[in-house]
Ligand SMILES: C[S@@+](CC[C@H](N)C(=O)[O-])C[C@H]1O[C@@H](n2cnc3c(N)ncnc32)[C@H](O)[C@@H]1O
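Take a look at this single chain, the form predicted alone, given in structure tokens.
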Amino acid sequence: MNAIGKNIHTLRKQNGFTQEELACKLGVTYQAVSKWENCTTAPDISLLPELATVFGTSIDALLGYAAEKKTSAYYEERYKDTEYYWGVKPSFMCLEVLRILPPEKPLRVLDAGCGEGKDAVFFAKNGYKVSAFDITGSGIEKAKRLAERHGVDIDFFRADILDYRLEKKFDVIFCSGVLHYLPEEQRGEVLENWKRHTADSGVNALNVFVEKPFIQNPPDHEPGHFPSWHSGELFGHYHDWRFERCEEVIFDCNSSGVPHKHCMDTLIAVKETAL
């Protein structure tokens, strides 16, 4: 399902319309709506303003552009503060990677969505050769300063997980707190790209927020966040790899000053070579 097909499907459901009801509002057949949602065809450009009006949204949001821009702006501002928004303590997944695949020889790490660089710096300090990207310019600049402070060399660059694809292999692909920005139709493509570009015996260490009917959206719910990952979805993409860690946890959070909960799936998996 492409971006507009996915968005039409999601917005139709959110507004409680059947395909027939939406078709009636737009003066088209329900088969046309079905084809849009199945990506067989796309709505004529002349229908976009009317579609946006029916759903109470913008054309940019309908096409999938607005969320990406808002997400970038959201963190651009927060990363400009002198304090580190996420702190400087590395994720526990970093320690797991260090245990499973220590840098006894030069190993290449990619930190996808590195934010302010705390995990990338941890890997570099422990002897890995690190590349790291983030969508925010302020995050990258802050990460560079953190690396300089710790005396490590990291290849930081700016990129968007929605359209950046790997062309060379890494021994470790690390991604924490980012995958929930991937819309459903891109998840398989991105993860398959990462799997293909992981060296034999390499590691992917990933986590993602998942949706639970008994957990409400957090009070600081971020723009661009696609909350439709379900329990085990991430694990299924790696069914052909060896799992070193595979768990789901519900935890308390106070990031907005208002206590709330999150549910997160964490996977650390190894790419085994065929016998």
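One rule holds for the numbers: they count along the sequence shown, beginning at 1. Just so it is clear, the structure is predicted and the values come from calculations on it, not from any experiment.
If you look for the form predicted in complex with the ligand, you will not find it shown, but the lines that follow are about it.
Student: Can you work out which of Tyr75, Tyr84, Phe156, Trp194 has a heavy atom no more than 4.5 Å from the ligand in the predicted complex?
Tutor: If I apply the 4.5 Å criterion carefully, the residue I get is Tyr75.
Student: So which of Leu166, Ala199, Val178, Leu98 reaches within 4.5 angstroms of the ligand in the predicted complex, heavy atom to heavy atom?
Tutor: None of the other options qualify; the answer is Val178.
Student: Of 143-151, 99-107, 185-193, 114-122, which is the one stretch near the ligand in the predicted complex, taking non-hydrogen atoms within 4.5 angstroms as near?
Tutor: The contacting stretch here is 114-122.
Student: Would Asn204 sit within 4.5 Å of the ligand in the predicted complex, counting heavy atoms only?
Tutor: No, Asn204 is distant from the partner.
Student: Taking any heavy atom pair closer than or equal to 4.5 Å as contact, tell me whether Ile135 reaches the ligand in the predicted complex.
Tutor: Taking the distances in the predicted complex, the answer for Ile135 is yes, it comes within 4.5 Å of the ligand.
Student: Which residues in 154-174 have a heavy atom within 4.5 Å of the ligand in the predicted complex?
Tutor: Counting only heavy atoms within 4.5 Å of the ligand in the predicted complex, the contacting residues of 154-174 are Ala159, Asp160, Ile161, Leu162.
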